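To begin, one chain is listed below as structure tokens, in the form predicted on its own.
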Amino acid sequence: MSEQWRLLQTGFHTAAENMAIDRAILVANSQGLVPPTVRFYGWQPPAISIGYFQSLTEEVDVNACQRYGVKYVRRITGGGAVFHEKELTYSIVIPESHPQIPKNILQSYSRICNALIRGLHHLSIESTYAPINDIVVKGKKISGNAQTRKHNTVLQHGTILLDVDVEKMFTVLNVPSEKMKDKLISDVRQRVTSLRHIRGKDVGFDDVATAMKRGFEEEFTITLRQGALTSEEDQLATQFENECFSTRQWNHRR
């Protein structure tokens, strides 16, 4: 009988709420309160997340975010600034000691990304892992991923792009100049793809979630059972949102 992990489909939340929930699951799992957990979610309103080590003011045009109703948040994972709008985001939280998760960071990225690759296969899209943390289709990025290890627990989260609005992305991200902006837009169009671009039509969030569920179950030989956040996780998420992810002190700390 296959091992059972928890599946959370938490719908669409603000940037601060999403990052608070991921952190709450990490803490709960580290305390042995919840099983390994895979979560699928979206962002409402659109948002930018920056990596833990980045400077918010260097990466993000805060005034443009306010004008266009785009939120911003600092992640607890590393990596670069990401514009979240038309995408499915996943997270996986699992003990470092779990036999399914390689100790080596690169190998663990590869293993978890393999679940996404299997999921994309169920959408009739063939993709490959591009170290350290990308998944590509015909050389173009469709998924970026970030990982941290805290309290002897692994948190990895990442995106599957349903569609991408490059102009909007560079309206709210800082670029050196208008001239550079045009070049960056052109470069991103050549380097990044989406399910809509590949399939020539919109692919629904729920359809992608179903495919990714199958991908995780196949890669890890597990059964994902639909669950909900525990009361402890709810309390932690509210605390983390209020004390951390929604605060200027956290988001502007570098």
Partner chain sequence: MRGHSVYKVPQGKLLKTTLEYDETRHTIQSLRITGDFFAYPEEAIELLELKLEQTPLDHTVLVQTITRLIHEHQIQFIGLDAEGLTQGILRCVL
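All of these numbers come straight from a predicted model, not from anything done at the bench. Residue numbers count along the first chain shown, from 1.
Missing here is the form predicted in complex with its partner chain; even so, the following discussion is about that form.
Between the options 127, 133, 159, 91, the residue in contact with its partner chain in the model of the complex by a heavy atom within 4.5 angstroms is 133. Interface residue among 100, 171, 110, 145 relative to its partner chain in the model of the complex, by the heavy atom within 4.5 Å criterion: 145. Note on the interface: of 35 to 43, 57 to 65, 204 to 212, 223 to 231, the segment with non-hydrogen atoms within 4.5 angstroms of its partner chain in the model of the complex is 57 to 65. Contact annotation: residue 139 falls outside 4.5 Å of its partner chain in the model of the complex, judged by heavy atom distances. At least one heavy atom of residue 76 is located within 4.5 Å of its partner chain in the model of the complex.
Contact annotation: residue 105 falls within 4.5 Å of its partner chain in the model of the complex, judged by heavy atom distances. When its partner chain is considered in the model of the complex, residue 150 lines it closely, a heavy atom lying within 4.5 Å. Residues 253, 254 of 226 to 254 are found to place at least one heavy atom within 4.5 Å of its partner chain in the model of the complex.
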